[in-house]
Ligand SMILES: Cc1cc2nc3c(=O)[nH]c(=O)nc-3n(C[C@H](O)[C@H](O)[C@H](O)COP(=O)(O)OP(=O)(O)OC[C@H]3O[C@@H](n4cnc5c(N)ncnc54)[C@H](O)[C@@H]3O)c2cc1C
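First comes one chain, alone, set out as structure tokens in the form predicted alone.
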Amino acid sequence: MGSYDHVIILGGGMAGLRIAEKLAKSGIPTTLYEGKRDVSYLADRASGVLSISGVKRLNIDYSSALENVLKGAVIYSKSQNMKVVSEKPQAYVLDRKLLIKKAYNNAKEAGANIILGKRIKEDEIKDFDDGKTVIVGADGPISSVAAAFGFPPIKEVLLTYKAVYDNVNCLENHMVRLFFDNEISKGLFGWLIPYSKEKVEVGLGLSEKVKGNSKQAFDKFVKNEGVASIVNAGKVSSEYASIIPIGARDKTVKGNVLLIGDAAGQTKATTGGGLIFGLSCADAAFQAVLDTFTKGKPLSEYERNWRKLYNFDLSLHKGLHRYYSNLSNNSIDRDIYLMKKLGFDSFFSKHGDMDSIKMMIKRLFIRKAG
């Protein structure tokens, strides 16, 4: 098995559990450490909207976690709105707690050694670096693994705040609502995600560079007429603040140490969504580790492979994020108006792809050529 004989994974989120399952199934001795005693604790800080295409491509077992099926979105600015709706379902709304419990059980059943309730401190992480162990950092954007081994920093993060409301009346419950208002949520947007007609998630994200905090911005956002009309009679059942990295680290492999998921910054800057990209990169990391153990290939293949597959898309997301983050609300109104005039609402309805701007551009050129 080459010069390595064991894999240590720090972090029991979806990406860490996925690579642990795959390594264990391949017969590679694997130990995962997670500081929480229950992997599902705080798992629902992140929204559970996943593209159906991504779920199918990654063969994610989602059936026990399914809450709702979405067909599109309504995009709002101060004075404009644009509806993007498909004839076919486009995304699942999943219970993140149930989803991660399933991932945990899968990794355990595959034979991974999972140690819960043991938080490894930054100064203890290097003790694993014995020359025979591959170390995987899957421990989120404030990664202790990245800090311990001197990885380049994540350059920017978004601050988010979300709340789940029960006992609401959401009639159009197969559409996400997205609210662009750079006076409140500069750097991202506000959202309303229906779990059902009676239950919705409301949240927003904003740049860390903005004065104030995400809770203050959230309190202003829920007064928006399109949000308040749905949630005012409801009751908050949970609420969380969190951070989302935007823009991958400049380096995600150093010797026998690699980073995956949020620890690597493998998220979409346009939406903050990272699960599909994170799991995809976990698969790329698994293949690199497997090739290191069985064929003696360098772990640096992981860096090359994941960037070849996904870096272009992530860069497009970052560029688009940079563009709309610097617009005035009047400019956002103008852009949505122009997009409708040019038929982009119909194009997105037919050819939209939550995960791949590259694929949408390709379809646009094919459409024009036709």
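Computed from a prediction, not measured in an experiment: that's the story for all the values here. Numbers for residues come from their place in the sequence shown, where the first is 1.
Below: the form predicted in complex with the ligand, not depicted.
Comparing 74 to 82, 132 to 140, 105 to 113, 167 to 175 against the ligand in the model of the complex, the single stretch with non-hydrogen atoms within 4.5 angstroms of it is 132 to 140. In the model of the complex, the ligand lies farther than 4.5 Å from every heavy atom of V227. Contact check for T292: no non-hydrogen atom falls within 4.5 Å of the ligand in the model of the complex.
Not displayed here, the ligand is kept clear of K318 by more than 4.5 Å at the level of heavy atoms in the model of the complex. Residue contact with the ligand in the model of the complex: K199 places no heavy atom within 4.5 Å of it.
Taking G273, P194, G234, G187 one by one, only a single residue has any non-hydrogen atom within 4.5 Å of the ligand in the model of the complex, and it is G273. This chain is drawn without the ligand; in the model of the complex, the residue among A284, I120, V222, V253 with a heavy atom within 4.5 Å of it is I120. Residues from 26 to 52 that approach the ligand in the model of the complex with a non-hydrogen atom closer than or equal to 4.5 Å are Y33, E34, G35, K36, L42, R45, A46, S47, G48, V49, L50, in the order they occur in the chain.
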